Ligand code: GMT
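Only one chain is given next, in structure tokens, and it is the form predicted on its own.
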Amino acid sequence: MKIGVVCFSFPGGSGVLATELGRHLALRGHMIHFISYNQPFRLRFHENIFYHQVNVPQYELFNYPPYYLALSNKIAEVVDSEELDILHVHYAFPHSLTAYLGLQVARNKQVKIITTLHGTDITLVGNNPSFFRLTQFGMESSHGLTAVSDSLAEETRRVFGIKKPIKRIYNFVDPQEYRQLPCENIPCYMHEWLGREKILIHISNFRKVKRVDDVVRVFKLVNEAIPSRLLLVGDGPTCNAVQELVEELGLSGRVIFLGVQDNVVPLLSAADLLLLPSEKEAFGLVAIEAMACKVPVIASNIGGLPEVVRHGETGFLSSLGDVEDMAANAVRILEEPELHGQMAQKARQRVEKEFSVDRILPDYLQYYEEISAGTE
């Protein structure tokens, strides 16, 4: 098939899923055309992968460059020039709308739009009164809708009154790539900690909904019980505030800010626990990345996380904001090697069974075929 992919280029779950899905489809012989303003984060090229950059004209009359109109124009160009079968857009607002407008302009009227809902496009951005009706229209105008969890699909129906079917297709990882690496593959600066101190990790885009301040507060309590280090991977709007909190709590020597990382597998391979105390998480892609590397997860009991993390088996879930309970659960796992080992093994097995690329990719291909044939 010839598949167009529209996604954001910055680090985040929606972009990672889009690029990984496109890459694995390309490896199986499909032609994948990415359309965005920059090369998507983590995109690795293949002979079947093509990138079409959106160029936004600058004009003094515009207070804000009209990127989304330029994107719609580029979508129309690619739909026609590449004779696409499917246009798969990630993030309902604004990409479902840019896809709709692009197809109104394109000559090729056979292409079908599939919109994947990722979470904050529904719960924060699209739900804003300024965008609500447009987001609703974009979803209703798509030929197919998928969501990354049952929780998100249900919330979308409830909030937006969407009547058309929403197919749940979970996020995935490739267990051959996401696996616990031997010690020699772990960054050298961590070697002195291995076996002597516990290593906790958090990976996100440092938006407010990720509650990275709670990560630091959980770590403070854990470190008081067990000598530990905290790896903070990523960057974003709250990073400066988090750095100030680390200094305020006297943790500067124990919290390491690593910034955005293309490859998190070596870091996860050194980690004992992942902390994910988010207030909104439609799925939690980083959770299965960690679980694939045999890292149990401490997380909030919200959104799609209960569909990913099995409480008491692959980690622990706590009420939103309950820093003390999260810390107590973390200490319990870290103090009991047998429990940690069991959770680590079950985490890996769960990813292999439920969230591997070989398990999930056929669901997308079947859905593409159904939508193309008009049978959905």
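Nothing here was measured: the structure is a model prediction, and the numbers come from that model. Residue positions are given as counts along the sequence shown, with the first one as 1.
Another form, the form predicted in complex with this ligand, is not on view; read the next lines as being about it.
- For the options K112, R217, K74, K280, the one in contact with this ligand in the predicted complex, meaning a heavy atom within 4.5 Å, is K280.
- Note on the interface: of 155-163, 229-237, 129-137, 281-289, the segment with non-hydrogen atoms within 4.5 angstroms of this ligand in the predicted complex is 281-289.
- Remark: G22 does not count among the residues lining this ligand in the predicted complex, judged by a heavy atom distance of 4.5 Å or less.
- Mapping the unseen interface onto this chain, N171 counts among the residues with a heavy atom inside 4.5 Å of this ligand in the predicted complex.
- Contact check for P296: every heavy atom lies farther than 4.5 Å from this ligand in the predicted complex.
- Looking at H118, you'd find a heavy atom of it within 4.5 angstroms of this ligand in the predicted complex.
- Heavy atoms closer than or equal to 4.5 Å to this ligand in the predicted complex belong, across 1-16, to the residues F10, G12, G13, S14, G15, ordered by sequence position.
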